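Taking the form predicted alone, here's one chain by itself in structure tokens.
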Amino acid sequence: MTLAAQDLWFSYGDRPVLKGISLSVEPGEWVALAAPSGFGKTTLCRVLAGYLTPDRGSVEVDGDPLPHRGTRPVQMIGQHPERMLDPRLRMRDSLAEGTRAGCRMGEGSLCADGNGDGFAQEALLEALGIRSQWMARFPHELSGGEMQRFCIARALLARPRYLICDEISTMLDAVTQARIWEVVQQEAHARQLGVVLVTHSLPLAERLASRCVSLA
């Protein structure tokens, strides 16, 4: 069981960004991507998550081609939450997109489906500091940090097998950053998620990642 990228090439027009990149991520493993700005870290993240199709090469999840429709086994959290959220949806409906059941949520909470998942979802939202009064709001009515909490929650609610974290804490203060990473760590450990980590914080990468892949 592996998230495996083989010989990835990707260009924006005439500008090549990824040149023969290969990497793999095992369940439960944290892999950091290291490279200066402009060397394709975010582009690689988007290819691994299925948002971009490589010019050459392949991405497989547990031996199968990465699906581009339906439930995504690879979920990405980006550094710009406003780009990840539909501005026409209230936050409770954006969260509902992350649940497999696709059930509609009430004014302040996620739906319970009879097997205890609703309670786990509520606990996750509370741990991330998401307030019930935010549920009825639209993205433009929230701060960047508040939107980012929703993006993290939605990615985890989708029950992925692999998680892509691209500078996910840049909009948060130091105390909140520490709490958010604690929650992500706990969820990843409990579910044995493979995690790809992009961060400019060397101490954070050294603390979380078991190994580092250089793109430079």
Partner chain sequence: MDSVTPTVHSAGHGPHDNDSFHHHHSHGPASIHPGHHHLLTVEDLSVSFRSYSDGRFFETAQVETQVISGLSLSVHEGEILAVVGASGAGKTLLADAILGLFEPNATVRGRIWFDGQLQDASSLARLRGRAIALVPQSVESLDPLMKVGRQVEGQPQGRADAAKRRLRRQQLFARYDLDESVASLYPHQLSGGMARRVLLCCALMEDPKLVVADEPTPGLDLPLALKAMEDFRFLAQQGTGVLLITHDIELALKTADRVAVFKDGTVVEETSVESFASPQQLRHPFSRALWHALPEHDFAVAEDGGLPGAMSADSGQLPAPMASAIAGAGALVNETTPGDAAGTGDAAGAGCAAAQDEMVRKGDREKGGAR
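From a predicted model like this one, the values you see are computed outputs, not experimental measurements. Numbering follows the first chain given and starts at 1.
There is another form of this protein, the form predicted together with the partner chain, and it is not shown here; the text below is about that form.
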Check your understanding: Even though the partner chain is not shown here, does it sit in the predicted bound form so that 35, 186 and 205 each have a heavy atom within 4.5 Å?
Key -> yes
Practice item. Go through 161, 154, 179, 46 and name the one with a heavy atom inside 4.5 Å of the partner chain in the predicted bound form. Key: 179
Point to revise | Any non-hydrogen atom of residue 6 within 4.5 angstroms of the partner chain in the predicted bound form | key: no
Exercise for review: Although the partner chain is absent from this view, report whether residue 1 comes within 4.5 Å of it in the predicted bound form, heavy atoms only.
Suggested key: no
Practice item. Answer yes if any heavy atom of residue 127 is within 4.5 Å of a heavy atom of the partner chain in the predicted bound form; otherwise answer no. Key: yes
Practice item. Examine residue 88 and determine whether its closest non-hydrogen atom to the partner chain in the predicted bound form is within 4.5 angstroms. Key: no
Exercise for review: At a 4.5 angstroms cut-off on non-hydrogen atoms, which residues of 131-153 are near the partner chain in the predicted bound form? List them in order.
Suggested key: 131, 133, 134, 136, 143, 145, 146, 149
